[in-house]
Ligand code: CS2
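A single chain comes next, written as structure tokens; it is the form predicted alone.
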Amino acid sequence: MTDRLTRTTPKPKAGIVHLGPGAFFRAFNAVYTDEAMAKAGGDWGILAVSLRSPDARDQLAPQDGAYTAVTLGPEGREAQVVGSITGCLVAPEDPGAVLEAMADPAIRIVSLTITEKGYCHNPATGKLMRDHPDIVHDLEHPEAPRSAPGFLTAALARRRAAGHPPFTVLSCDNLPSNGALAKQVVLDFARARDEDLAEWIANEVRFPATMVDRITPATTEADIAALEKAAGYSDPAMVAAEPFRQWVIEDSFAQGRPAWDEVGVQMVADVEAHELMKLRCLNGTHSTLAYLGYLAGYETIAETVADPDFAALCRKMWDEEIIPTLPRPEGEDLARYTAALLERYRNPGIRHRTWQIAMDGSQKLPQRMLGTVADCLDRGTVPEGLCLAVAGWIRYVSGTDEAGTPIDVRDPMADRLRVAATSADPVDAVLALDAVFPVKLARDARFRDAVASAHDRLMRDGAARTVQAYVR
């Protein structure tokens, strides 16, 4: 039996607590931080905290936090061992231990990759969902929280009571103005608990915005076996990602930060234009390819864009619908950026499953597509490609594919979506869900009619022929 990976470098002291130690965090935040400490030093080890599953802890603990990050390039694989993680806690097993760690003054940053649904917010308004089961629980049991807003608020309350300075809250999720969103839900939660605490958080805590980008497919048994064959050790905690990576951070930290700027991170005064570029250009077309590609029978993004019609779909959406709504970020060429995106999608080393990207669409569409749709309508144009993408999502969440096979729809609103998407008038029923669609947009006849027309065509002709008709 092959031995497990073992740590060969000294474990750093923790300066960061990270909520959400999934594959993206291990392929991105932890790698950058490991490289920054190697380059410039500092006590910036990361204590990882899982808010739900013990899987990451069970994978990392036998390896003392070390793991392998594999880069999947067109020419082959490259591996590096990452040692920035100091340990991993599972919040449901001992929420008190998590709060104690976050309240430690040695912790200067709490970062998050908890996905859209982890913020317990209404995607249409950005405000905290006070009736969310985890939020209801956390307000009743503030010292045994379940949610990220609950943990952040409780830990900040402890630091305030002890006279310790607050940590910086660093959201690293694919959300527009993610720093502002994190601040909004924490303040909403704090106000429900203690107005004085909320005022202290508003005045003292920094919530810098970020833009993150690295395609990180789910690790497979084949990936683990390939690494074992090449490296001679077993590493169930390994992650695999594309070569490209980009991290843009608003440089606003109360108690310092790792030397991320020395290892390629762009530290800027304002992230908004970069994050809008990424959310609309990459995430918007990624989701489009996920829903329509899945319906057309494609398993991965690379397979989907190997179809010339789907590649043309991306180019047409970028050129005619998405780029015209964007301010140009400093130092970026949008035409070159989108051309590079298509090459990234085509990378045969990345098996990013359409089904995986299709998860949690009710949380993703408002950020990835609906803002662009609204901007196009304000400009007097109807974005037919984006309306086709929304129709594809409605068709997908009905729960049955074009062959009549059930779809495993993973979404916090899956049951409500299935009922709406299989009703007598599915488009109107889904657009009426105000947790997803802003009322003004849902009532815009131009949007509704374009989505309904695309949905009718998808039901009649299927995804492949409908995409072909759009691009030709």
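Remember, predicted model here, so these are calculated numbers, not experimental data. In case it trips you up, residue 1 is the first one in the sequence shown, and so on.
Below, we turn to the form predicted together with D-mannonic acid (CS2), even though it does not appear here.
Think of it this way: in the predicted complex, D-mannonic acid (CS2) has a heavy atom of just one of H164, K183, R191, R214 within 4.5 Å, and the residue is R214. Residue-level contacts in the predicted complex: of Q363, N174, S147, T300, one residue has a heavy atom within 4.5 Å of D-mannonic acid (CS2), and it is N174. Using a 4.5 angstroms threshold between heavy atoms, T325 stays clear of D-mannonic acid (CS2) in the predicted complex. Using a 4.5 Å cutoff between non-hydrogen atoms, V81 does not count as a contact of D-mannonic acid (CS2) in the predicted complex. Although the partner is absent from this view, H286 contacts D-mannonic acid (CS2) in the predicted complex, with a non-hydrogen atom inside 4.5 angstroms. Put simply, A103 is far from D-mannonic acid (CS2) in the predicted complex: not one heavy atom of it is within 4.5 Å. Against D-mannonic acid (CS2) in the predicted complex, the set R158, I201 and V205 makes no contact: no member has a heavy atom within 4.5 Å.
The stretch from 81-89, 205-213, 268-276, 120-128 that comes within 4.5 Å of D-mannonic acid (CS2) in the predicted complex, counting heavy atoms only, is 205-213. Applying a 4.5 Å heavy atom cutoff to D-mannonic acid (CS2) in the predicted complex picks out no residue from 421-453.
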